[in-house]
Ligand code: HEC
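We begin with a single chain expressed as structure tokens, specifically the form predicted on its own.
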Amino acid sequence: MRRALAILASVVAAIALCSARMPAQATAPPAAAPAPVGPEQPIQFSHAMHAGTMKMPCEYCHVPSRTGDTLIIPRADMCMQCHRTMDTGNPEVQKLAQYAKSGSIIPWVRVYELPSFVTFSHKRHLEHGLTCQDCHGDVAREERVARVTDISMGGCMSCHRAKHASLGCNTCHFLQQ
């Protein structure tokens, strides 16, 4: 019996020694990568508040240009249509009011910007059934908008392939003849 206990003790000690030398195995799945955070902006603007809580549609602030190909980043005076009387004590709204009063353009940091040799029509994409969220993600949950879509040529072509859209060069690039 003593011999059996001695063997058992040796086995337990060997297991403990091996366990101490082996790296711990994760029991939980690895954590998901943190969501991207957008750039710091001159005015803290919460898409989560405006598009999420208040359920304002994108088009309320981002109105189409005359052709509809581009969407406008709103000027301060447009924001002040609501903020003239709403949340006026907020320091960020006060900054907004100063931009509107001076007629200055808010120097927003672009999140999505294509090279000048690429043409992109919001109108055409919306006409083909895409939504703002398809490219811009769920901004209704974001305090600061971050780039969530690959807008490189490869990223756009992957989307075109998946949606069976044209892959011709002149779809996105005007070629000189």
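The first residue of the sequence shown is number 1, and the count goes up from there. What you see is a predicted model; the values in this text were computed from it and never measured.
The protein also exists as the form predicted together with the named molecule; that form is not presented, and the subsequent description refers to it.
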query: Interface membership of Val93, the named molecule in the predicted bound form, 4.5 Å heavy atom rule; finding: yes
query: Distance check, Ala100 to the named molecule in the predicted bound form, heavy atom within 4.5 Å; finding: no
query: Non-hydrogen atom contact Ile105 with the named molecule in the predicted bound form at 4.5 angstroms; finding: no
query: is_contact(Val37, the named molecule) in the predicted bound form, heavy atom dist at most 4.5 Å; finding: no
query: Contact set, 83-117 vs the named molecule in the predicted bound form - heavy atom within 4.5 angstroms; finding: His83, Met86, Asp87, Asn90, Glu92, Val93, Leu96, Trp108, Val109, Arg110, Val111, Tyr112, Glu113, Leu114, Pro115, Phe117
